[in-house]
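Subsequent text provides structure tokens for two forms of one protein chain, presented individually as structure 1 and structure 2.
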Structure 1
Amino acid sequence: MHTEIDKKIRSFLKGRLSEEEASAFKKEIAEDDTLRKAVDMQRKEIAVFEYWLKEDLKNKLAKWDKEDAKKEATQEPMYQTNRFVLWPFLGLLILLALVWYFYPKNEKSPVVPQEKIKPKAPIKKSKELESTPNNQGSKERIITEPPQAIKNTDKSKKLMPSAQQEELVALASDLHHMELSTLDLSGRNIDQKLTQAESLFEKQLYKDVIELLQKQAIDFQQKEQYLTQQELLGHSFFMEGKYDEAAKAFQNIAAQGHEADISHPAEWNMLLSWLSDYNKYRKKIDSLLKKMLDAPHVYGPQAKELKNKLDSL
């Protein structure tokens, strides 16, 4: 059963509160850290539910299309297929009959004596040609053995083709866009030097955010300020296509050992950043996916879907 506060949070996120109620509730969120965390958690749960609902509908539509195509193929009359096979067969029989009828049967074709061909001596490689500098005389060389194929000494590593890698980058961008849509920094108690960066981030001026925040050194012991700085940097780097820098920023958050509502999103965004180069970060991706699937994790369902996607590739 949902408590009254859970119902109010859900109504707030769904936009069902009036302007006065919503404004008052925002003030409560800004003043109450526990309430803010509960709002962030429900916002992520709603986003995950909507994402999986969309994926489930997409899979069902694809399944129905396959079933319809299969039914149409099985309902095709058999006589149409037999008709296209039968006519060429009959034509071939008629042609063979005509050839047999008109071909002279008693005449013998003259036997042309073949000239005896003397066997040639096997051609040996010339050592002089092999030692010729600058490949001189390469046209006269005769290769007696086919070149051996280059063997891949490391069978455990299978590099992902560039087309599939581009597909992974597009998938990571879509999933990261969903994270940005649920990101809310309005309830955080941050100081004035981060307010400007937050304003630039809301205007999608990601380069300006990076330039501004890289000039500010914030100690990780200032938990709220450090968290906000690294989160803004991570998302801004990702949007600018600097995925390695984005992964480092999210890793800085996860390394502090925060509670699940902070560390789990950081791990998920770090995973999305690594997907930009699956061949390079494959071990890290597999290790983090295993961690997210083995233990209770906020992003467990998304991790399972991503694991199935990677296995299919």
Structure 2
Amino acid sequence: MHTEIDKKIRSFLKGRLSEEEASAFKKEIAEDDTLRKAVDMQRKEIAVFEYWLKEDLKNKLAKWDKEDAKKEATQEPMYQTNRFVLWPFLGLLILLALVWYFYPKNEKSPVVPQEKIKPKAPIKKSKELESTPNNQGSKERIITEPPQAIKNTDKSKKLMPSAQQEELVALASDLHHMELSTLDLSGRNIDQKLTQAESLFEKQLYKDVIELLQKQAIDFQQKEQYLTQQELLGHSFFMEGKYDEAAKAFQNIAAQGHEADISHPAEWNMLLSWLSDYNKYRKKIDSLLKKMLDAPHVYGPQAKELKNKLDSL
């Protein structure tokens, strides 16, 4: 039953042959009618197998969930017998809550000490922001900035299959994660609400960051504050999987920044956001990559690596 040719056909259909092997095998199939018929038959078989596996997995998941629930339930009585041990802790918790409630608060509340909201990484990209000039009228820009760059589509090229697109989303998420690990917002002269947003961002409450920065009025008289707001929004949108909005925020930063320290990271993050829909933003991605490769760019090496990966898809 597991004949060599049988195995080879299955490996071919499962994408487990090397590129060379696969193209040689395709050639063989085209030339051999019996082989072609065998491949067609296995295609049909695989369709049925995958249907069975789907049903099989559905049943297994239901069974496993029941088992896990049962396991949790059997652990509960042990907890119940010891629950009186928890009373002193509960009392302590109430006491702490009362202390916190009646503790005199000022604007710089000690609840979230400044040291805690400082990212772990040293200042890298935002250092020069402190010396950037004020920019009056930025508030208008946040509300009215049209998302021109994300409206275009390029249908002239072949569409990327969803499997590769998901690979790209995974890649973009990983690269963005690296960005976040080096992000440093400390040392900026920002207002109280942005400080609050930063604190939420540090706690990875991205939805709350978006809500706070989108709904509440913030004094955006200073360029620095506008950039911080857009940066927090951009990264939060990205983490929430709202890539279009993320791209828009990073685009706003790139449009403002004259210094490489500001515009280059923004462009890179914009590129990562666009990767979420390669078919839609292909033209934009290609053009930005070209720009990043043609002229000196902080993210030049990363852009080169990304371009190679995109070319190989």
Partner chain sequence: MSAEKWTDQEIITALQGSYKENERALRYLNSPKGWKPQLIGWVVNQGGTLEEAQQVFNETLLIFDQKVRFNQYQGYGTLNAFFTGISKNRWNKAFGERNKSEVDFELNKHDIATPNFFDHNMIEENQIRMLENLSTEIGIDCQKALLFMYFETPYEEIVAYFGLLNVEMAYKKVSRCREKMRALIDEIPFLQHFFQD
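C-alpha atoms forming the largest set that superposes within 1.5 Å between two forms make up the rigid core. FYI, numbering is relative to structure 1, first residue = 1. Quick caveat, the model's predicted, so the values are computed rather than measured.
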query	finding
Structure, 1 versus 2, that is the form predicted on its own	1
Large Cα move at residue 13 between structure 1 and structure 2, threshold 2 Å, rigid core	yes
Rigid core superposed: residue 279 CA moves 2 Å or more between structure 1 and structure 2	no
After fitting the core, residue 289 CA displacement of 2 Å or more between structure 1 and structure 2	no
Core-fitted comparison between structure 1 and structure 2 - CA shift at residue 66, Å	44.3
